[in-house]
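Next up: just one chain, as structure tokens, the form predicted on its own.
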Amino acid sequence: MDELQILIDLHKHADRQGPGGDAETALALDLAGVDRAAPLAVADIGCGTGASALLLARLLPNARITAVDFLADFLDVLQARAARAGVAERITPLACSMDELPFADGQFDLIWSEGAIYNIGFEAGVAGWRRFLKPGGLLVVSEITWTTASRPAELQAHWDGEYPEIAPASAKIGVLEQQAYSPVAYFTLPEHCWLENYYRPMQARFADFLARQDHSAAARAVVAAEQREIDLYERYKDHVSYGVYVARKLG
């Protein structure tokens, strides 16, 4: 089994594939000033197993949501969850890469992406997705962000290796402005979005995951890497979080 399949096996059983929370998703929606009763066209890019898409379907009862992920395994889980929640008819799953989206120009009122834009990079994502928004359309993305001006060397080295595009919020907001968006709102995810909603459930899955993988060296390496990230967050959580960026397309 290759590393991607091993990672899928660990994460497809999770409610979330990254830090986040229902209250924080709802807050971002409110800060965006979205009319919740409007018949919106929404794209959730990098949707995973559907935490955001399912909540958006409940909060936006007249919206049609296209849920995009390149992993069919995750979309299968999302479809099952949507059926149980009674919102399957308003969520259309789409298996494709976020840098090869088949959408028309101006197709969406709202593009949403929680904890996923790093896969192609923040600047590439906000630049490439802009054309899919209607004039005045809204973009809501969460992105790993430095929350202090300086960081411990251990933490800096880790995230420079994992995601060299990590930067403070001021730099990310500057990118949005350069790509012809008007920043609307910004906030950082609180600690419970990392620990209670993401890391602790992942740690609880480690034993079953390793058993399914026959405690292979590759599976143990995945667990060790995840645990190292958790340890770093617990030690240095004052310096890093996900920033939630809300912006409006200009022009």
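The shown structure was predicted, so the numbers you read here are calculated from the model rather than taken from an experiment. From 1 onward, residues are counted along the sequence shown.
This protein has a second form, the form predicted in complex with a small molecule, left out of what is shown; the following refers to that one.
A single residue from the set Ala28, Leu60, Ala51, Ala41 has any heavy atom within 4.5 angstroms of the small molecule in the predicted complex; that residue is Ala51. Proximity to the small molecule in the predicted complex, taken as a non-hydrogen atom within 4.5 angstroms, holds for one residue of Cys96, Ala80, Ala149, Ala157, which is Cys96. Shown alone here, Glu143 lies farther than 4.5 Å from the small molecule in the predicted complex, counting heavy atoms only.
The closest non-hydrogen atom of Phe74 lies within 4.5 Å of the small molecule in the predicted complex. The small molecule in the predicted complex comes within 4.5 Å of a heavy atom belonging to Tyr118. Within this chain, Tyr199 is remote from the site of the small molecule in the predicted complex, having no heavy atom within 4.5 Å. Only one segment in the set 174-182, 108-116, 133-141, 83-91 has any non-hydrogen atom within 4.5 angstroms of the small molecule in the predicted complex, and it is 108-116.
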